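Only one chain comes next, encoded as structure tokens, the form predicted alone.
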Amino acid sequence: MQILNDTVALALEALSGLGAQICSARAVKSCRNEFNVDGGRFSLFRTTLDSALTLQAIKDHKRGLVSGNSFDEKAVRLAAADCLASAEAGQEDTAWDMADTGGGDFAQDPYEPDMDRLFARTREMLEEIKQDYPKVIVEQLVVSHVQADSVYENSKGVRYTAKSGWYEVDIMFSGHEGDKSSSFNGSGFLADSLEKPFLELAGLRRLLADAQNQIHTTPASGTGEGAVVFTPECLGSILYELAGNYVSDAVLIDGTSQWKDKLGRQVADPSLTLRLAPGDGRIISGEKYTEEGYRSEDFALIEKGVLKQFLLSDYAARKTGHTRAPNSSFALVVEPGDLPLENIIASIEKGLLVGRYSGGAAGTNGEFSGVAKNAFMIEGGKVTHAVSETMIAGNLAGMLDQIIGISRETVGDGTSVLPWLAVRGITISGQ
């Protein structure tokens, strides 16, 4: 940690000496120990060491930002000079500033890795997949422990330190039978202990079973409106897209957001409450502070269908006249509903269960269209066969008014906690 303290102190001294009126420095060093598995066999073990330095400077209401990966004194001073040059070349904007309150010291285990047990859990997972899901081929698997130290300080007296560690699993797989195969699927999740087998985490068993059941597919027939049930994995990507279109910096600064005048108003069915909660105990190594130096706090983006907050940085808040978001993470937590998933599906006469969506970015009006991947048909209140070549289309904001169910069950992957979400009014196009 001392090298981080020294680097940050040197950077701030250099930035101030070059004329920065407000400045900050963040130094991070990390160690990643990982196992790689390709084609079901261990192929690599390696340790990688990384360092990162991020500098910000504000001079005459102009901001500069540079990043580097060396803590050498000469490199730090050169980075500071580049940062000031970037600021001086920028455009004057009085909205640039940094936090003048905040600070803290944070620590999160498992800081030290248990590599023997991590290897045992990895081998156990591969053996269980081979035994329980014989039609599944693990195409790639990376299992890691990450140890990270960081120091942030700005010229207004705000300072943070953090020491954290976590386990990380990234797996990609597909189902195979003869010359037939499913679409690829996968999972990525974080864990703060090795107490549970990996197959019991993040809904991984369900995803593996789905891969086996998606080897043989049938296109949906006809075109019409129906219900779609988004799995937790797919829901996360849908909400990310929605945030970018309606509540983020860019669309609110340029005024293209259709929600720009809807703070405090109903934008979704009252059953929906969506929080950004890096401090939730189910979020692993959640954000502790923002880029501008504010201490991160949990908040509700949508509460019982009402838009409570925009996802604005401090800069964008000053530009738009709104308040900044209490954190800048995307640690999504959707409050579960009252009904089990089985009951929600039982209420649907015809629709789709969608595990992944492949399509271009939605338009500024929220309209989207793409291919439903890793999907199953719902007919007569039951999940039936896997489907292929099936398009879905709708409106990101519009579908939040058409919620027909939020499941009682949720899936946590260490970065989010999400349920299954069912909506009506989606156009489903088959052959």
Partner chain sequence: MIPKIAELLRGQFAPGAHSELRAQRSLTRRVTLLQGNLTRNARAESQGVSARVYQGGVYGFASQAELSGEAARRALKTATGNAKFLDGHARRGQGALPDISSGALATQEDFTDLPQKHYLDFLRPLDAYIAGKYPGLASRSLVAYADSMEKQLATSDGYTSHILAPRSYIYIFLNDKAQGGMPVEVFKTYGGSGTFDIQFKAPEDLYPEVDRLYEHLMKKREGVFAQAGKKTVILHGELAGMLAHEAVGHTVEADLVMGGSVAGPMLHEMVASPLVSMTDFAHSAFGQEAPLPVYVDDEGVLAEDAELIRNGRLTGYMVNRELGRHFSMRPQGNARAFGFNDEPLIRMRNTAVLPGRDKFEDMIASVEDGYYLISSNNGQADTTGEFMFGISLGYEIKNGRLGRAIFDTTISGIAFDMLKTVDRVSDRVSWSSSGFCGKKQPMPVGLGGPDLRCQVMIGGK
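Computed from a predicted model, the values in this text were never measured in an experiment. Positions refer to the first chain, counted from 1.
The same protein has a further form, the form predicted in complex with the partner chain, not shown here; the description that follows concerns it.
Q: Using heavy atoms and a 4.5 Å limit, would one call residue 119 a contact residue for the partner chain in the model of the complex?
A: Although the partner chain is absent here, residue 119 would touch it in the model of the complex, with heavy atoms inside 4.5 Å.
Q: Is the gap between residue 363 and the partner chain in the model of the complex 4.5 Å or less for some heavy atom pair?
A: Flag for residue 363 set to yes.
Q: Please run the contact check for residue 254 against the partner chain in the model of the complex: heavy atoms, 4.5 angstroms, yes or no?
A: Yes, residue 254 is a contact residue.
Q: Quick check on residue 126: any heavy atom within 4.5 Å of the partner chain in the model of the complex?
A: Residue-level check for residue 126: no, no contact with the partner chain.
Q: 279-287, 298-306, 151-159, 137-145: which one contacts the partner chain in the model of the complex at 4.5 Å, heavy atom to heavy atom?
A: Looking at the other structure, the answer is 137-145.
Q: Between the options 237, 266, 218, 258, which residue brings a heavy atom to within 4.5 Å of the partner chain in the model of the complex?
A: It is 258 that has a heavy atom within 4.5 Å of the partner.
Q: Under a 4.5 angstroms heavy atom criterion, identify the one residue in 291, 335, 97, 100 near the partner chain in the model of the complex.
A: Exactly one listed residue reaches within 4.5 Å, namely 291.
Q: With the partner left out here, which residues of 176-215 have a non-hydrogen atom within 4.5 Å of the partner chain in the model of the complex?
A: Contacting residues: 176, 179, 181, 182, 183, 184.
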